[in-house]
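The chain below stands alone and is given in structure tokens; this is the form predicted alone.
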Amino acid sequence: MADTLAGATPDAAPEVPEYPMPRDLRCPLAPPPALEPLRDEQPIAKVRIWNGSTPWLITRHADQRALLTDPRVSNDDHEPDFPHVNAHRAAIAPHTPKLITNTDAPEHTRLRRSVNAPFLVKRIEAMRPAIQKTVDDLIDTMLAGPNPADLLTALALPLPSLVIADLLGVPYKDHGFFQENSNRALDSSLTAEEASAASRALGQYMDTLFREKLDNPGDDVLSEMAGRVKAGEMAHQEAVNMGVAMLIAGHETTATMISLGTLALLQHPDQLALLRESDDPKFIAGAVEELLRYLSIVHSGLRRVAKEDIEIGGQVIREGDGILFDLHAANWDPQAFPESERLDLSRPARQHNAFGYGPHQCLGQNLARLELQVVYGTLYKRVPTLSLAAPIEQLPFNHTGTTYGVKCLPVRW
């Protein structure tokens, strides 16, 4: 079966498949079709990436969880054999500052602890009334405007941008600047210089803003970090770098989930009806988890490198080998989620890997969950006749960023 998958004869060495793998445009919300037989027959397999290197691809849910909590697996992208997502990331990695996204313990533990408090469940939950008001206001504005409308620009992008700007202490009037440069910094279709220029612009912007917070602190995350810098607990540049990372991550992924989740629900009207008719917060929270599982929008995979030899699943991952974790494949693993190809909002799906797993799982997951609960629990009740204003086949999908989603979502009501 494995040789058949690779297109090789029984006597030949199996061909190493290319990664990432193409999606079937007829089923744009499903994982690339080549992942399913690979997960079933070769769940720990070599793949070839952009630079010709052949890291291991991990596609089963249980294997991902085992490796993502294994201290022999490193998140340090300064390692020479780290499997970078593209040439730009490889070029800038030696000059990239230490962040929670590219360090291991104990450095990662220190950095994460310095910014963890504002993202704890209790503090995030206290934001629910304000987020609810923002969602209601954005829907009011959309309904008062043209019909059809683009849900991405009317709701999906403004909401997380407003929320993360308020949380960090970033002026929302600058949202056009940080949205554009965040997208360009992560866009694999741009040249390394173009992406680097966007990253530098964000860094300079955040440095200026952070210096203002040092002199005039407010009630926000950047001001909390300014206090840590003054106390000698963080370096100035560390705080600036963390601010940029949170600003980028804080709006892109949630915006994608709002729009792509709405598209998925419109494609599954029976599930949309369940969500529209429910006032049960537990059901709405569970629906968010199932949509996170089903869509698994971080499509470039989590990337790691082995610090020591690791035996798993009948294979030996050698020291220095790159490791890729395809989250969509794991979240559609039938051993973890029976009938995984089916969107079922009543499914207990909280054990998905959409936010990663282990010590490096997403810092902002509690905030993302809250925003999605409010949107999914409000939008379809407020606009019960919401429907697509264009065939799904005509929607433009974004394949070049960190997350997979639509570039626009025309809807009518």
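Bear in mind the structure is a predicted one, so any value in this text is a computation, not a measurement. Start at 1 with the first residue shown and count on from there.
The same protein has a further form, the form predicted in complex with ligand HEM, not shown here; the description that follows concerns it.
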Subject >> Contact test in the predicted complex: residue 110 vs ligand HEM, heavy atoms, 4.5 Å >> reply: no
Subject >> in the predicted complex, residue 355 touching ligand HEM (heavy atom, 4.5 Å) >> reply: yes
Original post:
Counting only non-hydrogen atoms and a 4.5 angstroms cut-off, does residue 250 reach ligand HEM in the predicted complex?
Top reply: yes
Original post:
Is there a heavy atom of residue 49 no more than 4.5 Å from a heavy atom of ligand HEM in the predicted complex?
Top reply: no
Original post:
Among 239, 291, 155, 246, which has at least one heavy atom within 4.5 Å of ligand HEM in the predicted complex?
Top reply: 246
Original post:
Pick from 210, 119, 178, 332: which residue has any heavy atom within 4.5 angstroms of ligand HEM in the predicted complex?
Top reply: 119
**OP:** Using a 4.5 Å heavy atom cut-off, indicate which stretch of 216-224, 292-300, 182-190, 337-345 touches ligand HEM in the predicted complex.
**Re:** 292-300
**OP:** Within 4.5 Å of ligand HEM in the predicted complex, which residues of 91-109 have a heavy atom? Give them in sequence order, or say none.
**Re:** 100, 101, 108
